[in-house]
Structure formats: C-alpha cells, structure tokens
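A single chain comes next, written as structure tokens; it is the form predicted on its own.
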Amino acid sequence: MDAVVELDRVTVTYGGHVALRGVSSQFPPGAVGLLGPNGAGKSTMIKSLLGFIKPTDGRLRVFGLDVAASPLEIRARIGYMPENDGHVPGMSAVSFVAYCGELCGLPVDDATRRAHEVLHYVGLGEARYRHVETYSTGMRQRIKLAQALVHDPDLLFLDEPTNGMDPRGRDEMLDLVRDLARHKGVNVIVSSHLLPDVEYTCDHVIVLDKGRIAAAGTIDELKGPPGRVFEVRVKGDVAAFVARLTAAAIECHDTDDDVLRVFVPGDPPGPGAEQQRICRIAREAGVQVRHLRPSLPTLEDVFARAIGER
C-alpha cells in the first residue's frame, strides 16, 4: 500500500469557520509528523480521520477504507492517544487499560494480558496497580500511550505525546515512539508543536497552515534546496539588517535565543564566502556582527519557510 491515510479535497467547517480547506494529501507508511501553528487544522484532521467529525466535502481513507463507509473496521486498527486526559477515576492502571482493550473488542482474558504487557512496555509495570488519578503528568502520558496500544493497532495517532513531561520522561517517550515505528511495524502520525520531537521520531512531515497544506515530504527533502545555514547575532538595527538580507534573497528567521537563523541558498561559492557576504550586508545595514557560525538545517527551518510562504 502506497499510503496509510489519504485525504481527497477534504473541507471541514464549523458554522462560518473553515477548519480544513480542500485538503488533499497522503500519509506514507512509517512515522509522519503533523505540524502547524495553533488553529491550523491538525486536531480537526485527526478527528475527521477517526470519524468523530464529518467533513463538509471530500473523502478520507485509512488503509484504503472509506472513513464514512467503514468507521468501525478502521477504528479496530487505530490507536488514539489524545492530548487531554481521559482516564476513569477509581480504576487502577491495569484495569483501565484492560477496559480500553475490551472496548476495542478483545475478550476479557486477552485484554487483561495485553494490559500487563503494554504497561510494562511503556514503563508503568511497577505502578500498574495504582489508581490512575494518583499518577504524575508524565505517568498519565504513558498510560494514554498504553491504552492506545492495548489492541495491537496498525496505526497510532499521537496528539502531543510529550505534553507536560520532564526532560528524561520526554526522551523515554520519544524512544518508545521511534521503537514502535522502526522496530514494531506500527504506522505513527505524531501531531506536535515541538519540532525537535517530530524531527527525532519521524521521517516525513505534513505542515498545515490556515487549513491548507503548506509543505509535505520527507524531512531531508524539505531541508533543501542546497545552501548553508548560519546562526547570527548582531548589535544595532536588527530590522534594517533583516530587510537587507531579504532584499538579497537570503532567508532569515528569529529564534527564542535572540539569534537569527540565516539561510544562504545555492552551492557554496568558496570557503568563507557566505560569511563574508553576511558581514558585508551587516556593514551596509550599520549593524555589528557579534556572533556568526555555521549551523545545520533543521525542521524548524522547514516549518518557518513553509509558514512564511502562506
């Protein structure tokens, strides 16, 4: 199968608000990141694929099956880890996960056995008899993954899987997602606003912006075209410097650390030539370069470029 998920001119509206605008896209097998700013349509897309929301127009297919015609058959093969908690107070972790397995059609004994297995897999084996409401935020993230895995799905939807986790827990969750996609044969769609998480776990990305596809492809492909990225910090009129870079067809994006990421397109003309060009533009803008070093293209560059084109 060429595509695990397909959208064909899908439009979703809420009253007068259009959440998805004629979206056509395909999610290949493996791990795919679903990116976009708040309000871009990510959650709407996932809920539409799960059958929770009926599109105004267009068709959705999962494993070649039409979502409108075969919702139960599709849901039997999908695991969903929602962004918000959905546990049942008063239930132990193993009882809750087993209950989710029964809801997916597993016999009681099989659901209980699978609950123990997946809780050990996600790192909750020692705490599986505790009530879920006593769990920390990170532990509740793990149990949400466990309930999504209990019926051995072929496709996982993970909505902000590392939300609220400490650095160690976040790393362990990302390792689980990588293991599922690369060694367990599970197709994964990761919706997250944390671009490093997606870059670590996924090979492909689809970027949504204002209900439309802004970019799609493998991360390596989208990091092109050929060129070099530099981290630059300047003192002076930053806006004037950015304006001159833009006029010279050089992309520039802010970061959270007061550092500009500058992308110089094209093949390198020679050692140091790009740095000299950036410094020359800085002199023309009347700013002083305080920091300039080469960097590597990241998914953040891809995201910024895609959103900036809309």
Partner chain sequence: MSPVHDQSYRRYAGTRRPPGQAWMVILRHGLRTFLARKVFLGLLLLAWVPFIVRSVQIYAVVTYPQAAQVLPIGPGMFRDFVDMQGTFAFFVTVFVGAGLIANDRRANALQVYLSKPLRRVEYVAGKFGILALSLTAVTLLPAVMLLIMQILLAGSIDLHRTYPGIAPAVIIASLLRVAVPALAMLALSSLSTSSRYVAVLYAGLLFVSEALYGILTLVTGSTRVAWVSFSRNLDVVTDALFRLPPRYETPPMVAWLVLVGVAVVAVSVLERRVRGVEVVS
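Residue numbers count along the first chain shown, from 1. Given the structure is predicted, the values throughout are model-derived calculations rather than measurements.
We do not show the form predicted in complex with the partner chain, though everything after this point is about it.
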query: Heavy atom of residue 99 within 4.5 Å of the partner chain in the predicted bound form; finding: yes
query: Residue 85: touches the partner chain in the predicted bound form, heavy atom cutoff 4.5 angstroms; finding: yes
query: Contact of residue 196 with the partner chain in the predicted bound form (heavy atom, 4.5 Å); finding: no
query: Distance check, residue 147 to the partner chain in the predicted bound form, heavy atom within 4.5 Å; finding: yes
query: Complete contact of 168, 253 and 259 with the partner chain in the predicted bound form (any heavy atom, 4.5 Å); finding: no
query: Heavy atom within 4.5 Å of the partner chain in the predicted bound form - the one residue of 236, 217, 164, 105 that qualifies; finding: 105
query: Among the candidates 207, 190, 180, 115, the residue which, in the predicted bound form, approaches the partner chain to within 4.5 Å (heavy atoms); finding: 180
query: Partner-proximal stretch of 73-81, 228-236, 196-204, 209-217 relative to the partner chain in the predicted bound form, 4.5 angstroms, heavy atom; finding: 73-81
query: Residues from 181-199 in contact with the partner chain (non-hydrogen atom within 4.5 Å) in the predicted bound form; finding: 184, 185, 186
